[in-house]
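In the form predicted alone, a lone chain appears below as structure tokens.
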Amino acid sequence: MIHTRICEILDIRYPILQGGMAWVATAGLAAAVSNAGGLGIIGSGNAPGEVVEREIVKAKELTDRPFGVNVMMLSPFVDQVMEVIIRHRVRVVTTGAGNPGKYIGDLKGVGAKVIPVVPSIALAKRMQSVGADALIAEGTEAGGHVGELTTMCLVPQVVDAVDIPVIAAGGVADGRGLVAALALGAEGVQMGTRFVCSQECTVHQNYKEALINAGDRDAIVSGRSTGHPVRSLRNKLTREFERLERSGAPAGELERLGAGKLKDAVVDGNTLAGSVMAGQIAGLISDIKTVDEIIKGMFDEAGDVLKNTAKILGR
């Protein structure tokens, strides 16, 4: 058993969080991860408060275990979503794309644990100073919106810079990745792409098959010129992004090109011209399993890796 401060803080068996992926991280997936011993996360994305509320209510019907909601601070509905979270006393809130500082007092007032996603040391220190309970240090290997530092470089630097627990994200899909994250000083991991290829995930089958068929170099970054780069699988959409960026197109034109494309892929199955957000770890995924099989298999493998490492070290 791998037991860390994250397990204690979040009241979970395994120190693993499911990524709060917009359009992907539904109540059903979140509840399945929580029931399997991890922490499931509902992804609010740019959804209004009433949509997020329906997912929270559904998750409460599906599990009696802790679960969380991921809040994108750039969402036009962030105030609504935070009000819903506070009213329903959601136990964990992860945040991205901004500073949740002004909401932390109210969240903690209802007992919520606040865990921001950070791509840099500076933001990690700032989040600790405003009262974050833990941090998710996400490397550029992750899917969706990404920073510049790799997980291998970012995690140990964040661990050294703060006193609160750090969760590693980006490039983790199995027990080997978990052990590597622990070796870097993390006390847990967050996985997104691997959970997309679970039976409980409701994304279109085309999306899952695109991940399974992906190679090691297929998850690329587009939109760097907008200041909000996104990692997704190479397809017609990414090629159009590349063409526009090479031509010096303004950020507004690129943002219009990407608008609604994630839903096109996730819901409608348009993986040729939609945004198939995925991490670089997609090349490691070759099957679809239940969430329970993914988590238990991951920790069984981690145990074997630790035993083999001990043998190599002569212990």
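Here the structure is a predicted model, which is why all the values come from computation and not from measurement. Note that residue numbering follows the sequence shown and begins at 1.
The same protein has a further form, the form predicted together with a small molecule, not shown here; the description that follows concerns it.
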State yes or no: in the predicted complex, is some non-hydrogen atom of Leu74 no more than 4.5 angstroms from a non-hydrogen atom of the small molecule? yes
Is Ala32 close enough to the small molecule in the predicted complex to count, meaning some heavy atom within 4.5 Å? no
Against the small molecule in the predicted complex, would Val155 count as a contact residue? Criterion: heavy atoms within 4.5 Å. no
Would Gly175 sit within 4.5 Å of the small molecule in the predicted complex, counting heavy atoms only? no
Just to be sure I understand the contacts: of Val221, Leu123, Ile212, Ala161, which is the one whose heavy atoms reach within 4.5 angstroms of the small molecule in the predicted complex? Leu123
Answer key, the small molecule contact in the predicted complex at 4.5 Å (heavy atoms) among Asn99, Thr150, Thr202, Ser225: the residue is Asn99
Candidate spot Pro119, His145 and Met277, all three touching the small molecule in the predicted complex (heavy atom, 4.5 Å): yes
Which of these stretches, 245 to 253, 266 to 274, 53 to 61, 66 to 74, has heavy atoms within 4.5 Å of the small molecule in the predicted complex? 66 to 74
